[in-house]
Structures are given as C-alpha cells and as structure tokens.
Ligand code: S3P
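One chain comes next, on its own, written out as structure tokens in the form predicted on its own.
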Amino acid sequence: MIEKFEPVSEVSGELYFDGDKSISHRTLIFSAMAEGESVIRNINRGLDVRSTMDCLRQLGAEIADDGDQVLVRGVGFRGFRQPELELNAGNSGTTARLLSGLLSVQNFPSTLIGDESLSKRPMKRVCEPLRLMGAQIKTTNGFLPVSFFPSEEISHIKFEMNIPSAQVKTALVLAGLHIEEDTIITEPAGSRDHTEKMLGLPVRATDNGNLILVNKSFYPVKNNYFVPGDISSASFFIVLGLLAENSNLLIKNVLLNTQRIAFISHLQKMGAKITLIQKDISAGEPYGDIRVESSTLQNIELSGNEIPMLIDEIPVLSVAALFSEGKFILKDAHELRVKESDRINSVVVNLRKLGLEVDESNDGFSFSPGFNIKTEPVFETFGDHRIAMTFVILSVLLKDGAKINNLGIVKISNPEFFNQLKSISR
C-alpha cells in the first residue's frame, strides 16, 4: 500500500516513548532467568519485543501484561522447560541472537526460527563462539532455523571478538552465566553495554579493547525495572526537529547511555542545537530529557570507531546530511549490509529517487547535498522498519511531500510512530 505524506512546516511539543528496545529484550530475559517475580515498567511494545516475550513463555516463564506494567515470574537457575513448538523470533535479530546464548546451555533440545527477512541474517557469528564453549548447535548453512542440543559439558572460554556486536557479546554472557569459572570476552571497540550495566559485570579497558568477565555469580535475580524511553525511536524526531523551521521539541524520559547517544554527539559536532538534561538512573542506565531546536548543520565524515555506537541511526543521519552543508561521507559501515535490509543499498536507492548523485561502496556511500526532484518520489521500505521511518521523516521535509510503499513494518519497533508524528507537526 502506498501512502502520501504532506510537508511539515514546524515541529513543537513534547514526546514520550515506550521503553528502549534493547533494554526491554534484556529485562525480559533476565527476569525470566531469575527466581521469583520481577516488575517491568515502560516496556517497549513493538513486535520485536513481543517475539522475545512469546519465546520466553514457551520456555516456561509466566509473563502477564496489564498495560501499565509487565509481571514476569522467572524459572530460576536451569528452570526452563523444553518448548512444545519451534521458538519464533519473528523479525527480531536481537531475540534470535540473545536466545541462542540461553538455549545453547539448556538440557533439552530446541529450535529457533524467524520470518523471511530474519532468515537471511547471519547466525554464524554467534553460533561459532558458542560452539567453542561446547554448545551443540546446527544451523541452516549459517542461517535460521538453528537447532540446539544438550551438551555433555559447557566450558568457560577466552574469546576475542573481531567485530563489535552487543548481540554476540550478550549471547556469550548468557551462556557464561551458567558456568562457575570466568568467561572472558574482549571486544575491539565499544558496542552497546546494557548487558554489562544491568548485570553489574566487571569491565576493564585494555590495549586490545574492553575486557568483560562473567560467571555464575552474576546470574540475574528478581528486580523492579523502569525502562527509559527508546532513544533510537527518538532519533527520527530529533532529526526532524533540527531540520524543520521554527521548531522547539522536548523529548521526555529517554535513555541517555553514552554509547547510545553517539549520534547526538555527532549531530552536535555538526552544529545541532540539542540540550541533554539527565534526571535519574534505572538499572545502571541514565535517562532524562532532550530539547531540540531548528539548526543549521555542517556535514562531518562518519567512519571508524564511531560507527558501532550509532549504527541504527545512520539511515536517518543521512537525511540530516541531505539538508546540511558540505559533502557527506560514510565509511566502515559494513554491518549495515546485514541488518533487516541491506541498509546501505536501501538508503542509496531511495536517495537516488531525488535525482541525487550517490556513490555507493562496500562499506558506505557519499553524496554532495543538492537534489533536483523531477517526479514525485515513491520511497521503498525494503521491509525494514528503520528505513520506513527514515523516509517518512524525509517525505515531510520535502517541499511537496512524497509517497512511501509498505509502511506496516513500522510497528516492529514503534507502533506509535505515526501518532507521535501527527502530535508534533504543525
């Protein structure tokens, strides 16, 4: 279905967001592992998190959602049961990869499946290090479905990651929580550190990167969680607020983890008027308010160690780049090729519909701002929720608006996206 979006002249008001998606997955998993009842407030209500919730229910956790909060009665150490059916991760790479670590150390067989898109995303990167721990895993040529079988022995390892990945790191942590001895993980550059913060894991900076230690003593216990608002969902509205004229937007109670606001730091270096107001800490995670005002921006190259910390925000940052001064250059972003879509190509294909000359490379793309629209563009979402939201934001910034095909995918991460957009648009 193709939908038309009219231009927005001004953005103002306040926004609240459901809980951060990455933290929501983890609160559910840790609560299900713990013994007793945990309470989760402001959980993310997108389909990805629902996939994790459904899988944990099949494994024996009792999860009740009364609309205001989620109650999880966990099973305790090694208390999960064999699921009667395959565990369906839907479209959620986080569900598939995190649960791989948990399922690899169980004393029963299980199988993870996913939708067509997820079944094209690589699982080898998480299964190989789990196999080094002794896990018995069978993939489908490195992809889903993935089957897990009881292992005679799961052992601690020292593992040096060659690609920074919070999902792979957390899978190894979840397995390591079932072992008395120390599993030691070294990552070359910072990736999302929610798992370490929430479990209180020791982290030490070394010449080779961050060294993370985990063992059974860090196994999760029941807890009360408040999940700060999803900063990745907020990123689309932050860019809109910067680029629309006469805008003043306040975003309330969102996650301010230093690794998750790297895209804000990048925008501030470009000249963005963004003010951060920290209010409190929950489960080791700082949160607070963000004020956004209309700004004039100057492009700065995106590359190197900055990439892992803002990987999800790169598509919408490319929209900011369109309306900024100077050439935009993205490099070292190979990981974008294996997201819900090939996000490098997805962005490039859509930007070219503006009549823009875009140079695509293996690890990124570049362009000089200034485009010439000859016919009304119809942007494609490529079945990817972040591509969909990115090009909604671009559409409302264009003088005559634009059309987008297949927007239903937005509910994967932020079912309230369109209501939020309407509430702040003038």
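Sequential numbering from 1, following the sequence displayed. The structure displayed is predicted, hence computed values, not measured ones.
Keep in mind that the form predicted together with the ligand is missing from the display, and what follows is about it.
Taking non-hydrogen atoms only, A166 approaches the ligand to within 4.5 angstroms in the model of the complex. The ligand is not shown here, but in the model of the complex it comes within 4.5 Å of a heavy atom of S22. Though the partner is left out of this view, I184 does not reach within 4.5 Å of the ligand in the model of the complex, counting heavy atoms only. For the chain shown alone, E335 is a contact residue for the ligand in the model of the complex, at least one non-hydrogen atom being within 4.5 angstroms. Only one of D312, E285, E306, E196 comes within 4.5 Å of the ligand in the model of the complex through a heavy atom, and that residue is D312. In terms of contact with the ligand in the model of the complex, the residue from H178, H266, K339, R73 that brings a heavy atom within 4.5 Å is K339. Checking 166-174, 210-218, 276-284, 236-244 against the ligand in the model of the complex, the stretch whose residues place heavy atoms within 4.5 Å of it is 166-174.
Scanning 271-299 for heavy atoms within 4.5 Å of the ligand in the model of the complex gives no residues at all.
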